[in-house]
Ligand code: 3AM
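Given next, in structure tokens, is a single chain: the form predicted alone.
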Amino acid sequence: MSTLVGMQLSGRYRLDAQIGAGGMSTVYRAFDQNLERRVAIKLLHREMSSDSDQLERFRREARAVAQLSHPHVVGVIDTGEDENRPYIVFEYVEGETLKDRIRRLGRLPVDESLAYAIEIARALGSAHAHDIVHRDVKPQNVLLDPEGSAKVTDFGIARSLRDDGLTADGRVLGTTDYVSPEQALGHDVDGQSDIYSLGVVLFEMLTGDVPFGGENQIAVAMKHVREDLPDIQALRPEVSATTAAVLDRMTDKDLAHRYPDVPALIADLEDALAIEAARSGTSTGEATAVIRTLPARTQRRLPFRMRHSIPLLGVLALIGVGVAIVAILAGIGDVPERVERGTGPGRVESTPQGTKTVSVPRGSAQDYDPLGDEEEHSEEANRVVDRDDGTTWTTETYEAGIEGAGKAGVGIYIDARPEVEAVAIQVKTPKPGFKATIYAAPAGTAPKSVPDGWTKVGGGTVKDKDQRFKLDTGGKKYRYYLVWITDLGDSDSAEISEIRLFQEVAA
């Protein structure tokens, strides 16, 4: 099929590159020469085109999906045939798939996982309302656009799901990692099957892996029929009981106990997202956007600052300033005393003289546990660079201290890409008393152990809630700056709310 690259369909669509392929069809990135825009085209394989049943199913399902108009569904633009090759034209989504994201990052933040599940569920709900069952819900079929929003694609188009049985080269099952029990058994499926598959996708987002493995597709499919999914809270302890209960109901083998429809599922997913966000006090990634779409009854679970937009909070702040000014003017004779009592640092952040803060993006922090399981609350890591003192990254609990766990230390590092000569570091914590050594490493991949590849540039005891250490880099620029915690003091864990680097201001 690669020889089709460069050809034109119907004198309009130029096939520029193959971007996907399956047993029934091939997907190309194409260019619509009439409207001068990129599109994606799914082209039915020629051998399938000669099967009248497959051809009619392709045409019928293409017409059905074309009726969908939803922000989380990849839209169908056009359909046609060229030399007996049926094709469907979709909007082209620039970005990665949800599967790519999981492979790249491993397990996703809990709130982000729920946010994507909500967006996918909303897309499925729209399809089910049009009597369309996806039948192949998996992260490979979820595209993430440049804004991070999820868009579901491949609504069962050009796939036979009933005719050939379990062993027909995967035609019925597709990717069995996500197959529902009833679909694995060859039964007719409805929207509840999509709900089960979405539950498996949510499990993978939360854990970084699918629940079952096996020697072949049939072995995996039978595990979906016979075995319960592993306990999510055992694999991801920070997941709330509410989220765990929603996941359990999504993937219940018994259809009478599984969610009956998508609206019921969405309501519980939205509640779970609000609860998770309220527990952490913050939101990450796409969760921030989804939280704004939650119904009012659900948003009431959230802290005030998460329920209201920045402009509203700004108005309230201005009102507060106005009230303060009126109060001062009303007692003008006491201005010196009032001003003296009112002075203080407040929320204003100061920088060491002659320096400026190094700007690092959200996503630049990484937990570091090379001597353990290489996991130290990774989902919390970016809280140290979110400019919010109310959120913290926390080490695991070490009741016998770090040494008692057989470790020399654990830590968290900042990626100051491409490189910077930092002269100071600020470590903010609600729980001072721990000791930390500050290391730095050059561009490339972050070193996998301490001290190999790292250079000591500072450190000491974090005595205050706002501790600053001078750094001695020897005039060198480094990309990574590691806060390596070696002693927890009187506590069994360490917490860090913010880490900031400072560099000298150019003369």
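Predicted, not measured: the structure shown is a model, and the values here were computed from it. Rigid core: the largest C-alpha set superposing within 1.5 Å between the two forms. Throughout, we count residues from 1 along the sequence that is shown.
There is another form of the same protein, the form predicted in complex with this ligand; it is not shown, and what comes next is about it.
Within this chain, residue 44 is remote from the site of this ligand in the predicted bound form, having no heavy atom within 4.5 Å.
Proximity of residue 92 to this ligand in the predicted bound form falls within the 4.5 Å heavy atom cutoff. Residue contact check for residue 19: one or more of its heavy atoms lie within 4.5 Å of this ligand in the predicted bound form.
Though the partner is left out of this view, residue 27 does reach within 4.5 Å of this ligand in the predicted bound form, counting heavy atoms only. Of the candidates 385, 220, 143, 247, 143 is the one whose heavy atoms come within 4.5 Å of this ligand in the predicted bound form; the others do not. This chain lacks the partner; the member of 78, 81, 182, 100 within 4.5 angstroms of this ligand in the predicted bound form by a non-hydrogen atom is 100. The chain is drawn here without this ligand; in the predicted bound form, the stretch among 197-205, 250-258, 369-377, 84-92 whose residues come within 4.5 Å of it by any heavy atom is 84-92.
Taking this ligand as it sits in the predicted bound form, the stretch 31-52 comes within 4.5 angstroms of it through a non-hydrogen atom at just one residue, 40. Once the cores line up, the CA of residue 463 ends up 2 angstroms or more apart between the shown form and the other one.
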